[in-house]
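The form predicted on its own is given below as one chain in structure tokens.
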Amino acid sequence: MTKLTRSIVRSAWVVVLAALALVTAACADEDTRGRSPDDPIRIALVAPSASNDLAFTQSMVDSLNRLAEEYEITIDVTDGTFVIEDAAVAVRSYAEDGFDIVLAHGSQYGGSLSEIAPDFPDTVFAWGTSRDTFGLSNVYSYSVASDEGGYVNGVMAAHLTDSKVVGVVGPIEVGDIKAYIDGFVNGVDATDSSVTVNVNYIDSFSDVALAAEAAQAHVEAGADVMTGVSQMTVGATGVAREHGSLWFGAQSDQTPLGEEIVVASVVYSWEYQLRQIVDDMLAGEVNGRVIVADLANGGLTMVYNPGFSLSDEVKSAADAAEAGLKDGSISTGVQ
């Protein structure tokens, strides 16, 4: 073999080895950045209150656990991040750690998410309740027609009040909370316009003592039936138990707050929205959009306390209201 031939052969091997190195590097990048279809989908939840709050956060935790019965997923939760800056740190940290889906479970997180999501185009983000995706393809927003559940609860409340006075303890007049309360008020009025509904917003999601004060004021005004929304309702239900006032729950099944007083709860079944997000990811068709749950699609469900003796008449009225809302023959009157 001549010197020239040996040189050509060595050059050929250099080219081959270089090509192999590029392929190996590409595969290594794919291994570190991608997720095998056989790997569990990693979902992170950042939420403002405790995972067992029997309200907004627990409704999502319960939904994720139900979703895990259908899909191969792993779940990590950071709760109690009511401070927006703390939540933003957690959301960004999960994205940096390579989680597939990051849920910013709180309407107050929107501003932070709009700044974080563009930095992680391969991460899927979802937040709610909201109907804004910021025009980003990797951001889903979810909402719920809570006024429908509120309306059904209001129908039953109108039937069950003897004093003709009903009290509502609201946290902050925003989003799904306002929709639920407005639906409840309209449900009462549509059933019995002679019933007075007193609504008190305490301007806090978490002030249990203030919720108790508001509930006490409702009792003193004659209310024998009450409802409320968010984690602060543990204060209101305590007063309701003390005075024997009936209670209608929202967001999560609130029966544990008083089996003797809780009639029914409208439950947010977030797996309706989560299932669509996961399916999009598995199909490689992530397309951030707004997903709204309601009674008709099963994202909103009525849960009745089995320990409360609800008459056939009242249950039939509730069932009729639910059916009418599903088929469109009844409107909650809430925009």
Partner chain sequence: MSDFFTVSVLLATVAAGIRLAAPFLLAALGETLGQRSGVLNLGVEGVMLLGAYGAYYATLRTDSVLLGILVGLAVGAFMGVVYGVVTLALKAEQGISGIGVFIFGLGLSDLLFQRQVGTPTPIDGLRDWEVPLLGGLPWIGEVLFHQNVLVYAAFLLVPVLWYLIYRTPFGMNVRAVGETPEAADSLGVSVNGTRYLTILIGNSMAGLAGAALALELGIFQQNLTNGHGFIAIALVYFGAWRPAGVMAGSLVFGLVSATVLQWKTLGIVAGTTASIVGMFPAVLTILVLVIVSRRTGAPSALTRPFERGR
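Positions refer to the first chain, counted from 1. Please read all numbers here as calculations on a predicted model, not as lab measurements.
Keep in mind that the form predicted in complex with the partner chain is missing from the display, and what follows is about it.
Segments offered: 129-137, 182-190, 252-260, 107-115. Contacting the partner chain in the model of the complex at heavy atom distances within 4.5 Å is 252-260. Residue in contact with the partner chain in the model of the complex (any heavy atom within 4.5 Å), chosen from D122, E173, D97, E72: E173.
A heavy atom within 4.5 Å of the partner chain in the model of the complex is found for exactly one of L160, L210, V195, A88: L210. Remark: N305 does not count among the residues lining the partner chain in the model of the complex, judged by a heavy atom distance of 4.5 Å or less. Residue contact with the partner chain in the model of the complex: S49 places a heavy atom within 4.5 Å of it. In the model of the complex, the partner chain sits beyond 4.5 Å of every heavy atom of D76. Proximity of S93 to the partner chain in the model of the complex: non-hydrogen atoms within 4.5 Å are absent; the residue sits far from the partner. In the model of the complex, the residues of 195-211 lying within 4.5 Å of the partner chain by at least one heavy atom are, in order, N198, V199, N200, Y201, I202, D203, S204, S206, D207, V208, A209, L210.
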